[in-house]
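Here we start with a single chain on its own, the form predicted on its own, put down as structure tokens.
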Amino acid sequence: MIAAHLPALQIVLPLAAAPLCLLLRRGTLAWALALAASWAALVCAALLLRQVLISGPISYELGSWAAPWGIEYRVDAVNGFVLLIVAAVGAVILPYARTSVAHELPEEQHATFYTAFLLCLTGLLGVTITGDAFNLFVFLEISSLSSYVLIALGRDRRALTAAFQYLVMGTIGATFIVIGVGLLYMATGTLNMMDLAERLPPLAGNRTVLVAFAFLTVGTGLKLALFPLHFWLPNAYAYAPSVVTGFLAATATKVSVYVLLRFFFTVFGVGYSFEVLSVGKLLIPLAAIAILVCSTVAIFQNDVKRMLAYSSIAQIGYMIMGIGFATTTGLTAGILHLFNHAMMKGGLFLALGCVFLRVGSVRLEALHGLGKRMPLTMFSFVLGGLSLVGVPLTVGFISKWYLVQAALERDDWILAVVVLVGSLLALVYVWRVVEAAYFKPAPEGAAKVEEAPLSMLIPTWVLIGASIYFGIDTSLTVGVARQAAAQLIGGAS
């Protein structure tokens, strides 16, 4: 009986736990409840993906109102995979959060933090699972509003400015999305995504549909930090608390990329998006520029969190390039990189959180000599960095291998070279950290530095370990990504 209601439980469990965290007031109790809710959400996500892979898409009608009149939660291979990514990152990060939050936030803000964290998790899971376009907007705003709070909790006063900048850009993006959804409703009289997919093809020449497509593309582009709509991201990642940066970097932009996938391939369809409007001709050049420009900018950053933030914009470029190809191989690469980037970048930011706990800074000069003083933390960063570069036996290599294959299928050697140059640029900025940690001596008279506690090291190594394991055994990730890509290209859901 419970199995039949897993789609609803996926949302209800973290949503119900969020206000309870605030009522508990005590940070330890709030953390325990948030931990239980996040792990329950992970179990739901894993069971849903397993069920989808065995028996096909799941449709769950809320209140027993049949779609399209009622609200529908729909799970297929595409969003089942994304649900697992978001829930897994949330579940892994919360054990890490207890020590990190206690160090970076005052005691009276702990319950507020866990409340906002669970609301953000709820919103991201809701965006992913809903089959209703307006509910997608609602869940997107739940996740965004709680993200603004989480970023503003950073100790640096510049966190408030970063949160405000994110608020402004996020609000513009959300406004564009809700206008696009409203125009779709005006043109079709429905908000259900599968119903929209059936009603839109006869309206291919309708100007309202064209304008809706434009608003949704730009609005979602703002949310996922698509170049050149990315200006909110570096400050948000640099000044947020360590655990927040790790969570958002691994989940928020990935969910927004999923939204773009859903609108382009399911709602509007491959034919309209990539043949009639040729959106790929816009996405691919922007992706290539993002890879080259933002990887270059990352090289010149002395704040390692900001360095990884610019790296994230470049990595989003790889995903968007794969989507822009609109082929099964290209989409497989893009969807695969959703998972792979979540693992490696989440692990890298958690490693920086360990450094911040012991050193109080993540600037390059603060990392001098840390390779010997914090060997486990810095080695995890090195492994994550190798994955970012795309070294064989890491997940980064698998993503880029499929992306290069997709480029060569189109006889596009230039884009294949762009992917390879992006890897070389990543090697440069990763090497700067390695050089500081292993080849620069610790400052004279520097205080003794202990290794990070196990409560933070274990979650860090779980994500970094996953970025190595799934680079060796690709059966699950590549298999699901290929199935999801085939469904999207075929118009199935």
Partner chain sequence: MEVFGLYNYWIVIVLMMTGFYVVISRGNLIKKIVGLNIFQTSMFILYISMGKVRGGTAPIIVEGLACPEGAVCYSNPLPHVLILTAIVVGVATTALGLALIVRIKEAYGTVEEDEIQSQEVET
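Positions refer to the first chain, counted from 1. These numbers were taken from a predicted model, which means no experiment stands behind them.
This next part talks about the form predicted in complex with its partner chain, which is not shown.
**Student:** Given a 4.5 Å cut-off on heavy atoms, tell me which of 344 to 352, 403 to 411, 287 to 295, 171 to 179 is the interface stretch with its partner chain in the model of the complex.
**Tutor:** So the stretch in question is 171 to 179.
**Student:** Among V267, A111, L415, L191, which has at least one heavy atom within 4.5 Å of its partner chain in the model of the complex?
**Tutor:** It is L191 that has a heavy atom within 4.5 Å of the partner.
**Student:** Let me know the one among F137, F227, F397, F356 whose heavy atoms come within 4.5 Å of its partner chain in the model of the complex, would you?
**Tutor:** Exactly one listed residue reaches within 4.5 Å, namely F137.
**Student:** Classify F231 as contacting or not contacting its partner chain in the model of the complex by the rule of any non-hydrogen atom within 4.5 angstroms, answering yes or no.
**Tutor:** No.
**Student:** Decide whether K281 counts as a contact residue for its partner chain in the model of the complex under a heavy atom distance cut-off of 4.5 Å.
**Tutor:** K281: no, not in contact with its partner chain in the model of the complex.
**Student:** Indicate whether its partner chain has at least one heavy atom within 4.5 Å of a heavy atom of T161 in the model of the complex.
**Tutor:** Answer yes; at least one heavy atom of T161 falls within 4.5 Å of its partner chain in the model of the complex.
**Student:** Can you work out whether E198 and its partner chain are in contact in the model of the complex, taking contact to mean some heavy atom pair no more than 4.5 Å apart?
**Tutor:** Outside the cut-off, so no.
**Student:** Is it true that L420, L424 and A442 each have at least one non-hydrogen atom within 4.5 Å of its partner chain in the model of the complex?
**Tutor:** Per the other structure, none of L420, L424 and A442 touch its partner chain.
**Student:** Give, in sequence order, every residue of 144 to 158 that has a heavy atom within 4.5 Å of its partner chain in the model of the complex, or say none if there are no such residues.
**Tutor:** Read in sequence order, the residues that approach its partner chain (within 4.5 Å, in the model of the complex) are L145, Y148, V149, A152, R157, R158.
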